[in-house]
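One chain follows as structure tokens, the form predicted on its own.
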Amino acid sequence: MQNRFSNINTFMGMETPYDESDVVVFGVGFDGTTSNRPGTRFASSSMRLEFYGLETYSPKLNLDLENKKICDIGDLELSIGNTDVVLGEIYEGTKSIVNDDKIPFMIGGEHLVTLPAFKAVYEKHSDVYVLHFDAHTDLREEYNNNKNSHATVIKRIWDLVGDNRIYQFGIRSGTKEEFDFALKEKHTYMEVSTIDTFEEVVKSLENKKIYLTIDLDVLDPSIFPGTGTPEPGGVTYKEFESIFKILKNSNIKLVGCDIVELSPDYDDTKVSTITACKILRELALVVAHNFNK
């Protein structure tokens, strides 16, 4: 592992040695297909700095990072400038974690980075389902003449898993064709604008394997402006944090997850970065807690 990853800083409470860990956190600094405002490549490094403003204990979940086996291995070393090579490097890095029977927890980066990470998980867990939070459908067949883009990532995942395996929440932007693909043709489950049915969906997936991907622009830009493609009409953090307790109390099996699309330099207050850090803490606690159920 040492020759594949380079560690700059470590998230507080995530210092368990790799061999002893259940959950492995890693950053992926790539935003090569960003179509609006670039900068998500700086997300993980900014989050590591701000994470120390939080506590390791979550009163919402009554769980503490100090009691969980979580390892932050730093950021993957990527060949920035060559998208295909980068996707391969993310795939190989995630695969090594999955093959060691640990849960990969990736911090993007733009949303395309989910595709290779998911592929690595899917190869081991072909029966996996996807829970997807986002402002955008990400269901285009191609974008800017590119089949692999942050605007096509969920369509590429659908190409792998097919119908009845992808559940989307908070979606409020996309083409008519994308919304028809989900809502009319029912290739995915989609809740438009809100996340109210999340608990019902999780209950329906009891004992299923789950990959969870969170595009942080699902949050309203009035509270989360630090993202590349902000979309008004999103959920508040207070609404969003309900998912953590739902996941903690569920019987689903989380086999991989990611947080993507924080672009920290568009929010000088760092509140967006701090919000991303809290989501990281809560979700990491849930994933580690569920690992040992």
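One rule holds for the numbers: they count along the sequence shown, beginning at 1. Not measured: the values here are computed from a predicted model.
What comes next is about the form predicted in complex with another copy of the chain, which is not displayed.
Peer 1: Establish, in the predicted bound form, whether Ile103, Gly162 and Ile243 all lie within 4.5 Å of another copy of the chain, using non-hydrogen atoms for the distance.
Peer 2: No, the whole trio is out of contact, none within 4.5 Å by any heavy atom.
Peer 1: Is there a non-hydrogen atom of Glu261 within 4.5 angstroms of a non-hydrogen atom of another copy of the chain in the predicted bound form?
Peer 2: Output for Glu261 is no: heavy atoms all beyond 4.5 Å of another copy of the chain.
Peer 1: Looking at the partner-bound form in the predicted bound form, is Lys203 within 4.5 Å of another copy of the chain by any heavy atom?
Peer 2: Heavy-atom contact with another copy of the chain at 4.5 Å: absent for Lys203.
Peer 1: Indicate whether Gly256 is a 4.5 Å heavy atom neighbour of another copy of the chain in the predicted bound form.
Peer 2: The answer is no: Gly256 has no heavy atom within 4.5 Å of another copy of the chain.
Peer 1: Is there a heavy atom of Ile274 no more than 4.5 Å from a heavy atom of another copy of the chain in the predicted bound form?
Peer 2: So Ile274 counts as contacting another copy of the chain.
Peer 1: Which among 95 to 103, 154 to 162, 121 to 129, 207 to 215 is in contact with another copy of the chain in the predicted bound form, heavy atoms within 4.5 angstroms?
Peer 2: The contacting stretch is 95 to 103.
Peer 1: Any residue of 13 to 39 with a heavy atom within 4.5 Å of another copy of the chain in the predicted bound form counts; write them all down in order.
Peer 2: Result: Tyr18, Phe26, Asp31, Gly32, Thr33, Thr34, Ser35, Asn36, Arg37, Pro38, Gly39.
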